[in-house]
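Next up is one chain by itself, shown in structure tokens, the form predicted alone.
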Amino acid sequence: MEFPVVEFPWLGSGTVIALIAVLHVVINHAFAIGGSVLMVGLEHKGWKENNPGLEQTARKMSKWILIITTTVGAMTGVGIWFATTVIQPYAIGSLLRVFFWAWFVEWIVFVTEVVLLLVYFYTWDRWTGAKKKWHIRTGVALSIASWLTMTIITAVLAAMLTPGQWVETRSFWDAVANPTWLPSLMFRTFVALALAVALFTPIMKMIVKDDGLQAKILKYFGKWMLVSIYFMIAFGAWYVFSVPDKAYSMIVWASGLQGKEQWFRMINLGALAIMLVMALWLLNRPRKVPIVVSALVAFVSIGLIGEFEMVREAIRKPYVVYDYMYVNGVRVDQVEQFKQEGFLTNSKWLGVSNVTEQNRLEAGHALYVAQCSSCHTIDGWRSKRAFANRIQGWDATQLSNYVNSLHNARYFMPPFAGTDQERQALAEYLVQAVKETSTAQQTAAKER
């Protein structure tokens, strides 16, 4: 293995990526994509109807979109690159080799998007009268550029779950035109619009004081949300039925509601129902929508996109790139090689090249960091993934035997890639680490 491994002992590597990614997705979808469409739409509507209030509202939105997307949005975008490169360098390396030119084009589109946003924001007072059309056209170009950025990134994300023919052909176009790219792109498009309405509605309730103007804006928002919900459901269903059968069977498990399918349906259908009620309320009685209710819908909408991202990531397991690379960075075609030659022998950065009687625990720790820490911790806030809770009371032989067949018993786990001696060393380290953690916890409890 060619890269060093970075461990996040308590928080967990997956959590680090998830926190940054979900925040970035919310900002990107709600502000950069959906927000841009609402903003330009309001400006156009205000221009056509000769309503300065609508134009001024669009102008205020442009300030929020500029500030948020170029600060939090940009930083979390870079943060995803940094976190995933550090935590899953093999996956990022593989994706870069496949999607290099796609990412290159995406960077150009992103820079174009930022330039268009700056031009749009700073020409409100210059492009008026006969030049107003150019300002609106700049806004339309901004919306398209924002959507194209998502289009390219969605192709990469979709290929990680459904690489399609790429696994055999290694063709760039097979990777891009994968089975879930189009449905996930269209689903995200309408999620972005619905999310933008959900987040901007409470903002409009606070900053627009004219009741008539506020009602006009919210009614306009309601139309967008109603259309978006319909297409979200349609394209969401297409996406769900396009994923691999095994991944499909893991959707409820990935949500954290394993064995509670009824709750899963009730929560998700309930969230959609709340958004639908909000859309109809905005359309028919916009002045009567309480700010508390609009804030609740915003919270529910963020929860839905967060759940989608969590489920999308989890149903790939045991792979990070389906049928090609396991979540710990070991390629499918490397497993047998590592079982024969040893994982440590083929790893340059772990500081241990083989297992001896003197270094068994050190070697076990190296194997844990390389093959387990991408999902698990010894102790940590995600108790279901913490070994201190999962293997308490196990002995090393029992654990070693279990690890040997773990991928058969739990199909979302990758197989252990190493020799029998390495597997035993891993088991011995985990048992020892759990004992030390348990002792430390008991000591801390007594001291309290």
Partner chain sequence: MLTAASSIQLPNDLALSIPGDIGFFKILLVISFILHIIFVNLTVAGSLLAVYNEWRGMRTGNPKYDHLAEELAVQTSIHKSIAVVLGVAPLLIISVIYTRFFYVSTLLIGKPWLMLLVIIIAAFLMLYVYKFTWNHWRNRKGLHLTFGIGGTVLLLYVPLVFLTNVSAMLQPELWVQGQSIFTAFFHYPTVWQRYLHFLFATLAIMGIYLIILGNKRRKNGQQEDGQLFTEFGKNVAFLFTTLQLIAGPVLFFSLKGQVQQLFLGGSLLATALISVAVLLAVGLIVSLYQFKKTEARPWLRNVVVLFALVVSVMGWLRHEVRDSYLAPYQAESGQQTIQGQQSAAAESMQK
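Residue numbers count along the first chain shown, from 1. A quick note: this is a predicted structure, and the numbers were derived from the prediction, not measured.
The same protein also has a form predicted in complex with its partner chain, omitted here; what follows describes it.
*Of the options L213, M250, L148, V98, which one has a non-hydrogen atom that comes within 4.5 Å of its partner chain in the predicted bound form?*
It is V98.
*Just one of D245, E357, D333, D125 has a heavy atom within 4.5 Å of its partner chain in the predicted bound form. Which one?*
The residue in contact is D333.
*Would V431 sit within 4.5 Å of its partner chain in the predicted bound form, counting heavy atoms only?*
V431: no, not in contact with its partner chain in the predicted bound form.
*Can V240 be called a contact residue for its partner chain in the predicted bound form at 4.5 Å between heavy atoms?*
V240: no, not in contact with its partner chain in the predicted bound form.
*Is the gap between K63 and its partner chain in the predicted bound form 4.5 Å or less for some heavy atom pair?*
Taking the distances in the predicted bound form, the answer for K63 is yes, it comes within 4.5 Å of its partner chain.
_its partner chain contact in the predicted bound form: G93, any heavy atom under 4.5 Å_ = Yes, contact at 4.5 Å.
_Contact test, all of A83, P89 and R170, partner its partner chain in the predicted bound form, heavy atom 4.5 Å_ = Yes, each of A83, P89 and R170 comes within 4.5 Å of its partner chain in the predicted bound form.
_Quick check for you: of 268-276, 205-213, 222-230, 98-106, which stretch puts a non-hydrogen atom within 4.5 Å of its partner chain in the predicted bound form?_
Stretch with heavy atoms near the partner: 98-106.
*What residues of 105-128, in sequence order, lie within 4.5 Å of its partner chain in the predicted bound form by heavy atom?*
If the 4.5 Å heavy-atom criterion is applied to its partner chain in the predicted bound form, 105-128 yields W107, F110, V111, V114, L118, F121, Y122.
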